[in-house]
Ligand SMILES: Cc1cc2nc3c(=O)[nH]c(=O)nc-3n(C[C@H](O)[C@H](O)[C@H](O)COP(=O)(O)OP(=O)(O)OC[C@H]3O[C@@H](n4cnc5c(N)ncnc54)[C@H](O)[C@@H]3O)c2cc1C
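One chain follows as structure tokens, the form predicted on its own.
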Amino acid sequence: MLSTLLIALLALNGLILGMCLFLLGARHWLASYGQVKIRLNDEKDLQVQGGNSLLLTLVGSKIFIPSACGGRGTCGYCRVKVLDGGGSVLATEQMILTPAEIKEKKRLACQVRVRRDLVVHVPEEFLAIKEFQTVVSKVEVMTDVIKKITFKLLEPKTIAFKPGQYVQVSLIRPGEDPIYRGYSIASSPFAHDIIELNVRRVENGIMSNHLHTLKEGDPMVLSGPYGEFFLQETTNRSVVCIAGGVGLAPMKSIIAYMTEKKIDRKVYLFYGARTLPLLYDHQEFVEAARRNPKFQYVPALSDENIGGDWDGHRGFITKVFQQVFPDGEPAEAYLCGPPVMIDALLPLLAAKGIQSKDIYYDKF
């Protein structure tokens, strides 16, 4: 009786093992599409291994496409035109792309699988994006969850970018797809040979947790610059920067650039955090406002349990902006922070007389 039961269990385990091996083999066979050709911008042919996403396939050929969501199809930054071979538009794409964009054959590169020959067109500015070999030159702990990490550029040795743009950091792990995450550049464009990133550690965030383990001398690969969020220099209107958390990073770059270039425009920085320790670089902006009468720094703390040692504004930065910024002042606005903050600010900016065409934002 016992031997019969043992034989049955062994047979069952053997059957399960066999099925697992079959599924693994089938998965490998189905995922391997051999060599395929990508016709790029009607001028260049790429011979690539099929089976991966178009986004990762292009990155593998050193053609860098913006992506801030890690390939989940939620940010919409990786829009390209797939003129032939891309298959049907997926439901994930239909949530991001407009009907007009779909008609124009725009796709999300992270959602298109490279299974056959493709004809693709990417914006020309993407072709100018470079990959940078870097080394960590400085790590500063700002709060229990935020670090400033400065990277020294090795090859190429310099970068040109507009204040407000971002870079992508890549993490290569053996046997797994590369991971790419976007981080706003916090350093000045005049500091050509370094990149400062302000990184908030996110629970279960693969990239942010990895970056928080870095130490001086560690190598890192970045690519960039990316993004349409940057300072506009064609007007003399006031510049209104509104940031939450590490949304401060691009504002630091914008303000540093304007200071170093001696741009004579009024600048407001509205900066919100929950508690004073999370209001990093606070004292630096206090001192900057003392030195420059055209720079107004408006910090706010939202924690209801703030003690009496804080004599600044209290409440969410949206409410503080509404109270402080004057109606009708000619201005353009730059917003960076959580989507809920930016969504709440848009009607408030309109009520202050700032037109939608003069509002630039980056949600994260």
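All residue numbers are counted from 1 along the displayed sequence. Owing to the predicted nature of the structure, the values given are computational and were not obtained by experimental measurement.
Beyond the structure shown, there is the form predicted in complex with the named molecule, which is absent from this document and is the topic of what follows.
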Select from the listed residues T259, S208, S238, T143 the one whose heavy atoms reach within 4.5 Å of the named molecule in the model of the complex.
S208
From the list K148, K266, R200, K105, which entry has a heavy atom within 4.5 Å of the named molecule in the model of the complex?
R200
Just to confirm the contact call: exactly one of 230 to 238, 72 to 80, 129 to 137, 283 to 291 touches the named molecule in the model of the complex at a 4.5 Å heavy atom cutoff, so which is it?
72 to 80
Answer with yes or no whether K252 is in contact with the named molecule in the model of the complex, where contact means some heavy atom within 4.5 Å.
no
Taking any heavy atom pair closer than or equal to 4.5 Å as contact, tell me whether S184 reaches the named molecule in the model of the complex.
yes
Contact label in the model of the complex: Y360 to the named molecule, heavy atom within 4.5 Å:
no
V246 near the named molecule in the model of the complex, any heavy atom under 4.5 Å?
yes
Is every one of A68, Y166 and N204 within 4.5 Å of the named molecule in the model of the complex, counting heavy atoms?
yes
